[in-house]
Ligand code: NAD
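This document opens with one chain alone, in structure tokens, the form predicted alone.
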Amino acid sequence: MTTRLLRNFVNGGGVEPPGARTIDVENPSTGEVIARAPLSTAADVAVAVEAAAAAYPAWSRTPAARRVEPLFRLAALLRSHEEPLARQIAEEMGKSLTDAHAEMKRAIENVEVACGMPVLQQGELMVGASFEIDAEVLRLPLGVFAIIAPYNFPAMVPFWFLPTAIATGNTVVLKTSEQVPCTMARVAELCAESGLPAGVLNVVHGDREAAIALASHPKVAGVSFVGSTAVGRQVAELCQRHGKRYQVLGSAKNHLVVMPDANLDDTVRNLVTSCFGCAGQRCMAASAIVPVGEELHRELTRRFVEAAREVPVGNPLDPALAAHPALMGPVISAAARRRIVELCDRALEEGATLALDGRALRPPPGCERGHFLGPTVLTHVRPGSEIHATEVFGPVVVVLRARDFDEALAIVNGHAYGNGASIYTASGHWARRFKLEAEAGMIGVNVGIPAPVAQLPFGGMKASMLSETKAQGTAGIEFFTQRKVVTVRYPAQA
């Protein structure tokens, strides 16, 4: 099998960075090298930024109705290529085909929302601000924006930002995750096919060096970042130092509170999907369950562990498993697997109990070099312990104890992260209190993955969100535009 060599996408076409080192792109299910991507240097990034800066004046002056024409075509192209793109996501990231198709659908939804920009970007007009004076507020683009994307959603996360940035009149340089660069390399080609002018979208491959170069470049007006809080803080500091806008979405530890009146059959099915979809490698994955009351704790834990044992684990591209809706694939890398196992080992040393152990899962046939873990459940976990405080980003769930609603709420609110949180209950009283009092940016009521649709803002609170502006929806439009206020008087002609 010939290993594919990726190139950067700059000014409408593929560009091979001169003399660039490369990194192997691995299929995490098999350990097979499926591509090699360049590790772009600061000089390589500068070439892409200059291309975006050169394209900006003409693109920003293009009427909004014309700017969205390529996006209408792109939405159609993404739909017609959904199957091969989903398979590409499954190959390089390891998530199930079901999850990969869902990711593509959400990416397309974000394009569809951006197609409404001629209406969404409208300004405001005040007639008679004073005597013979009118005033208006214009929403105008700013220039070149950078997107620094994570590995867990190769297509969807870039599309939280990309369509909105382009539709509002900006140009973009996207840095893919070096672990999953293949999907957006193909999407960039589809963007060119859609008629998007050269230089409006540019894609560079690379690691930390490329990210720092983007966040530091003087011609980059702002940065959209999704990743860990630790790295996000570094990006935010760079942007502050260089006077850039930034939206930084960080780590998560999403809690699911279960009240005694919840429907346990529905709840357990929902918990399994929320906790183990994408092998727990998503910022909206539930990783901490808080049953209220000792009796519920025992019964829910028993049922949850039984259901988790039945989750199939394997290669998402195995024809025998591909159609299974609950299939769980590998974690992204050998390093990620080691980290997760070490966190579990330390949790046991701290006093946690292993209710379900996925650490020693035997890889499926043909996947002996893959990075598989089975569903893992830890009980007797102390709030604030390392395994509870840390975003594990793997198929590991902790079950905590709470005597009543207030103690469960205190566990949620006492955590450093506040990305998402959900409650399972039939009571409007408890649901109302939870949605008002839980300190998380995205709240679910009897919903295990409270990720908002593309029309609504996406983002957390506390250390999960290191900026004021969220992704998607009107929040995205605010980030990618600046308000200019114009006050006008037209004196009568003599």
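The first residue of the sequence shown is number 1, and the count goes up from there. If you're wondering where the values come from, they're calculated on a predicted model, not measured in any experiment.
Note that the form predicted in complex with the named molecule isn't included here; everything after this is about it.
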* Give a yes or no on whether each residue among Y151, G227 and A252 has a heavy atom within 4.5 Å of the named molecule in the predicted bound form. => yes
* **is_contact(N413, the named molecule) in the predicted bound form, heavy atom dist at most 4.5 Å** => no
* **D207 within 4.5 Å of the named molecule in the predicted bound form, heavy atoms** => yes
* Consider S40 of the chain shown here, and say whether it contacts the named molecule in the predicted bound form, taking contact as heavy atoms within 4.5 Å. => no
* With heavy atoms only and a cut-off of 4.5 Å, decide whether Y56 touches the named molecule in the predicted bound form. => no
* Asked: the named molecule isn't shown here, but in the predicted bound form which of A100, V203, V187, C283 has a heavy atom within 4.5 Å of it?
  -> C283
* Structure fact -> Checked A107, A211, V172, V220 for heavy atoms within 4.5 Å of the named molecule in the predicted bound form; positive is A211
* To do: Tell me, please, which stretch of 175 to 183, 397 to 405, 122 to 130, 76 to 84 lies within 4.5 angstroms of the named molecule in the predicted bound form when heavy atoms are compared?
  => 175 to 183
* Structure fact -> In sequence order, the residues of 427 to 446 that place a heavy atom within 4.5 Å of the named molecule in the predicted bound form are none
